[in-house]
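One chain is shown next in structure tokens, namely the form predicted alone.
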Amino acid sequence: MLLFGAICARAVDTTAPTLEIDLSQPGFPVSPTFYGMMTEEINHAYDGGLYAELIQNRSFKDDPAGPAHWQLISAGTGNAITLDQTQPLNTNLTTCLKLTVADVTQGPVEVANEGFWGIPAAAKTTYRAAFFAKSDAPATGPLTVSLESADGRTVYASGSVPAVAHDWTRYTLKLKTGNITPDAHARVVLATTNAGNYWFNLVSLFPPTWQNRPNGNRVDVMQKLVDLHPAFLRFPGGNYLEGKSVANRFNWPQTLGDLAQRPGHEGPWGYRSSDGMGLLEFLEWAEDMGAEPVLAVYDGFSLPSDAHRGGVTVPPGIELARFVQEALDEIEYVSGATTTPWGARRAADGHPAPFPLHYVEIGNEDFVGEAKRTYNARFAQFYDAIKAAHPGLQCIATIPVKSRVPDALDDHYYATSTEMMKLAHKYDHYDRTQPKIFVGEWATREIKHVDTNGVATYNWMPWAYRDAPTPNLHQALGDAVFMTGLERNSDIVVMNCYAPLLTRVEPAAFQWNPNLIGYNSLYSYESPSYYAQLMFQQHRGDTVVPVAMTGEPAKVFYSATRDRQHGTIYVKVVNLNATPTTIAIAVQGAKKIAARGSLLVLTSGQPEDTNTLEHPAKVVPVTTKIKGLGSRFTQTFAPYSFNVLQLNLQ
């Protein structure tokens, strides 16, 4: 939002603290890999989220006890739906849905899928439906597929196949809605008026997708990600890489190719992953954003979801060797030439060109139990093999190691805003001879507590807290505080990414908060922390400028960068105080500062203000033109605000 009325910076207040910006010093380059994204399957980030598939439990493996998320709709007797493993589609999709139709005298017999907390019915939209089906007769039909309201009273779109064959056959059709009122809680219904037995598998419904990919991403969420212009995408990320067991790790070869050949697997956060978002889809996602992949490879450690204790660790040596080879093959799939076996497989999957790859992370959070004790040796085994095959690849360690010198070390921080104020200075005096730092997961995670005397503190957010899927303004300011420290030290902190990235907002849908972007079936919104990220990214510059504060006020944090091509200085100031803070700005080493500039401010009425589906723009950045600038001037920063002051060199 841009406010065109200009305000004046004041003459220098000699009593105010002074932020000194020294352009006479060369500074150092802003890391080209600032800023990035981290992703994993948590909070229905993929299934029910970015991955655009609308059917939940499309392959009927979510619950062995019954057809979860499917419902029989019938007034007749003897009609039923059951899980059936006697009619497998193939060796990977072995469970199907059996529909027994015995009585059609009361009308059509229907089976409905509720989607992920509702299937979105949007106006003037074409949906692509597909499914495998067979019947116990040579040809039985027709079979109708409808998108309708949850109570079945309104049909938004429908289509049909004339008959269902005796053998497994894939059917496709399009469902087109008219000028309807959008419905976030619709359902998909398969209906027949002919008696018999029917079997279904891989029942799918896709809305329009980003770049019209047939197995693609949700358009509105993808647009918000693209708008951040991330430098990289770290995937498959977090506990989703490890899984709760070796068998349930991210087994990347099983996520390639035809969806009918992807068995899916049990995820670590309480629900099953379809693996529709497979390795190639991750790579194309990064490519669509103009980002490079940062590939995390499974290193033999799986972590149960009940606590950061125990876990399963494959010992280094012979037993680990197959996972080392698995990682080498994965690297080859990502970046190998089409003359290599896995590069050829990537080309066969539809992407002949190799993807750029410069960083590989070996494991994730190997800081507990047996994993911590064995990581030194496991890292060395992976490091040696990767460097031998790909000398130019940078290897990231998840904890400090002594066996080899990693190219970067992955630090993770989930902290309150109070803790973030301390962490903002963590790397100011870091030993520059040590490995570079990748802050691979971080976020301000807190909840406000007011004691009996009315004193407010910000404490760690309880695990059971389910009221706020995305952060408020105060948390966003904690994020901005931390980011000033990362930016000031981007000679040693070469990459960073907020986590988690995505969440559904229904309380039953998310396991962790806060998250950067929230959504339901139809709509999505950016959190205040999203805008803090955006402000840093859009005003990154190319050179870190030396800054210092004299008479430093409490709860004020800062950094500055320079865009040499455009002659611009970006001064970032975070004011976590409940009152306005006035600071004198002094710029040294510039021939002349233009009298006019701009001030971009992220703030709101209260620190607990936030964005929601109902109020998506309550906390957004506002730009104001300012004048009266120069080599010395005074600027007042609003309470609870993150500010980007743009100065133009002449």
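Note that residue numbering follows the sequence shown and begins at 1. In this text the structure is predicted, and so the values were computed from the model without any measurement.
What comes next is about the form predicted in complex with a small molecule, which does not appear here.
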query: 4.5 Å heavy atom contact, P500 and the small molecule in the predicted bound form; finding: yes
query: W269 within 4.5 Å of the small molecule in the predicted bound form, heavy atoms; finding: yes
query: is_contact(I42, the small molecule) in the predicted bound form, heavy atom dist at most 4.5 Å; finding: yes
query: Close approach of E419 to the small molecule in the predicted bound form, 4.5 Å, heavy atom; finding: no
query: Which of 329 to 337, 256 to 264, 360 to 368, 482 to 490 sits within 4.5 Å of the small molecule in the predicted bound form, heavy atom basis; finding: 360 to 368
query: One residue of E281, E114, E441, D407 in contact with the small molecule, assessed in the predicted bound form (non-hydrogen atom, 4.5 angstroms); finding: E441
query: The small molecule: the contacting residue among G238, P293, P469, G300 in the predicted bound form [heavy atom, 4.5 Å]; finding: G238
